[in-house]
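One chain follows as structure tokens, the form predicted alone.
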Amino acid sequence: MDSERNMEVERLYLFLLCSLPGISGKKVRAMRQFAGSYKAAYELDMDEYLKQGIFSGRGRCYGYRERHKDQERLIREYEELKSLGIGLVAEFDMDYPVRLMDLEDPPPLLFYRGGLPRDGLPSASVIGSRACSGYGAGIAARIAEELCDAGVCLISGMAEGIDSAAQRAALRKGHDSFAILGSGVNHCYPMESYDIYELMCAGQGGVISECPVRSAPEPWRFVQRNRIIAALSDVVIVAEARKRSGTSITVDYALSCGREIFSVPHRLGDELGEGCNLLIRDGASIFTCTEDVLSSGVIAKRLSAGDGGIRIKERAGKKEEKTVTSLASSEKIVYSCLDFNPKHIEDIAAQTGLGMATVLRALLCLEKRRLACSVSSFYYRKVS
């Protein structure tokens, strides 16, 4: 009982330290190592940290100097977290994600809504550009669906473009997905992703952040959260990225954690996919099919620990087969003509030899079944 009480006290003071402005997680850990506990770290005089070089100057440790001003409000906020559906997990808790320990500076405290990824399950992130093409979004969705069907847990950042396309596809098929946010867990950013944010908060996976609950989304926070995406993933898959892309930050973090990088090859001259081709040139594994990832070292090892993923994959395959075989003949012909690059309806009609009216009816039917979608006027692509 005393041990539990001590841990709860430590969790509270860790929360107070992490809620102070200008105090990074790395600094919080250094304070604890010097003071011996988070409670002692919070109570220690600022001059002691200045002597040790943990704080580099009085002006740069304003948050710590003024810590008692907001203490009562922060304690109330801490006590209200559970009623708001927000969980806390500290680095000393049993359910703290062990993969994060591969980071040079693992977050000492995580906030979450929904749940946390399980350490024993294989995990992968599907990432890429925010301003992606229909092809990139389609590929990301397909990769996410197939990996999740096989029993792999999806980690991503809920950003517009590739990230949200992958997570939306996984959630649509009933799988769990986890989003790492660059804000407090009560902020949905971007708002266009609210549909998947809501599902994850409700327990179909979860949303996770090291940022205090009140934190607004800021550019520097997204750079920091990328290291958590990388560390929580056994492999990182880049579906589409430009030559200069923020995706490279996540890739660098993943490499520093010893994670394998997969990259989807793109056509030469395709600016939206140039970053993917450069990754392959620099040593990333080529993604040709989902089996490339499933047979990779860590993923294969985790999957072999049980057959749950195989059964899930078999069920999903039968469901997909049933969906396609139930189509009318004209719909099957049009569906077989589609791929993840948008095609104009006239090109589809020319390729299939069907009349425009027949093609349009077939496309409308495929849209209703979520097998195809319109990306612009009279342009259609395959969804799955």
Partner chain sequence: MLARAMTGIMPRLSPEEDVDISALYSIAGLLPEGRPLLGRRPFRSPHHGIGTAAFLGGGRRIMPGEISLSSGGILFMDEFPLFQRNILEALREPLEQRRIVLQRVSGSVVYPADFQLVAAMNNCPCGFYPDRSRCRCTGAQIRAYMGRLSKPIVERIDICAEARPLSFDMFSKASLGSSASSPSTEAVRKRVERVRAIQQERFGSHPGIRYNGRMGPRETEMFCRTDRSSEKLLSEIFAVRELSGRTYHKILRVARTIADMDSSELIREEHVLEAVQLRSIEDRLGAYGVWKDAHGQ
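Heads up, when I say rigid core I mean the largest set of C-alphas that superpose within 1.5 Å between the two forms. In this text, all values refer to a predicted model and were calculated from it rather than measured experimentally. Numbering follows the first chain given and starts at 1.
Another form exists, predicted together with the partner chain; not displayed. Remarks below refer to it.
Handout entry: Option touching the partner chain, based on a heavy atom within 4.5 Å in the model of the complex, out of V185, C132, L147, V264
Key = Exactly one listed residue reaches within 4.5 Å, namely C132.
Practice task
Taking 4.5 Å between heavy atoms as the contact cutoff, choose which of I196, A137, I180, I143 touches the partner chain in the model of the complex.
Solution key: So the residue touching the partner chain in the model of the complex, by this definition, is A137.
Exercise for the section: Spell out, yes or no, whether the shortest heavy atom distance between D105 and the partner chain in the model of the complex is within 4.5 Å. Expected result: Result no; D105 lies far from the partner chain in the model of the complex.
Practice task
Decide whether R381 counts as a contact residue for the partner chain in the model of the complex under a heavy atom distance cut-off of 4.5 Å.
Solution key: Output for R381 is yes: heavy atoms within 4.5 Å of the partner chain.
Handout entry: Interface membership of S24, the partner chain in the model of the complex, 4.5 Å heavy atom rule
Key = So S24 does not count as contacting the partner chain.
Practice task
Please check if C211 has a heavy atom lying within 4.5 Å of any heavy atom of the partner chain in the model of the complex.
Solution key: Output for C211 is no: heavy atoms all beyond 4.5 Å of the partner chain.
Exercise for the section: Look at the stretches 267-275, 82-90, 69-77, 199-207 and give the one with heavy atoms within 4.5 Å of the partner chain in the model of the complex. Expected result: Of the options, only 267-275 has residues within 4.5 Å of the partner.
Handout entry: Residues in 337-361 with any heavy atom within 4.5 Å of the partner chain in the model of the complex
Key = Contacting residues: H344, I345, E346, D347, A357, L360, R361.
Handout entry: CA of A362, rigid core aligned, shift of 2 Å or more between this form and the one not shown
Key = It does, since the A362 C-alpha is displaced 2 Å or more between this form and the one not shown after the core fit.
Handout entry: Is_shifted K343 between this form and the one not shown (CA, 2 Å cut-off, rigid core)
Key = Yes, the C-alpha position differs by at least 2 Å between this form and the one not shown.
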